[in-house]
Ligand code: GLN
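Given as structure tokens, the chain that follows is alone and in the form predicted on its own.
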């Protein structure tokens, strides 16, 4: 094993980085001079752009997430550009795509879709790729987030399907077949106890959902039924202990709960409603 690998691993471990070997391999592979896969055990240091690598390593030692260092994160079947202005796409949010595909069997159907709080645009792009005849309105109140979403929409060639706008959902009018959202849902207590690395490198606006974490769900229950077609679907991500409260919030909304699904850790994560 090269001295560079040994020394770098020692530094990462000293900072209690969770997966030092994996992180080091990723950083080295993104610092290489040629387009070939590098391995820690057989690394030739001459293949590494050491200036770039040292910058990456320094940032990781400061607990900056790999995704923010490299400005990329995988979601569903695709790679997305990310930065400090958007929440990193997370695996549990992919369940929104899975449920959309389960309840809307016809992939060729002409759909009107609304993505509230689009962030990086990962949901909109993934849905556009699955439902090729869909028209999607991707909205966010953060202008900086919309710039990221537009970059990803362009990157994946979805300009003709997705319109990204700085807009509050309260100002949206129209009639939609599918509405999806992963809103901010951390309560004050949860946000304050969240790991400082998340608070430092992820936007608060994408995490904090008011004192009880339910601010957006309450507003959604009042507004969204009015812009949904008959038999349309609303698919929401929720916090792990919010299912019962969210279900109560939607009790008199004119929407019917048709599914509550769990994530891979068996935590309540997705609610699916249909327009009665």
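What you see is a predicted model; the values in this text were computed from it and never measured. Positions refer to the first chain, counted from 1.
A second form of this protein, the form predicted together with this ligand, is not displayed here; the remarks below concern that form.
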| property | result |
| --- | --- |
| One residue of 137, 158, 206, 111 in contact with this ligand, assessed in the predicted complex (non-hydrogen atom, 4.5 angstroms) | 206 |
| Selected contact from 77, 107, 200, 90, since only one has a non-hydrogen atom within 4.5 angstroms of this ligand in the predicted complex | 90 |
| Stretch in contact in the predicted complex with this ligand, which is absent here, among 98-106, 177-185, 145-153, 122-130 (heavy atoms within 4.5 Å) | 177-185 |
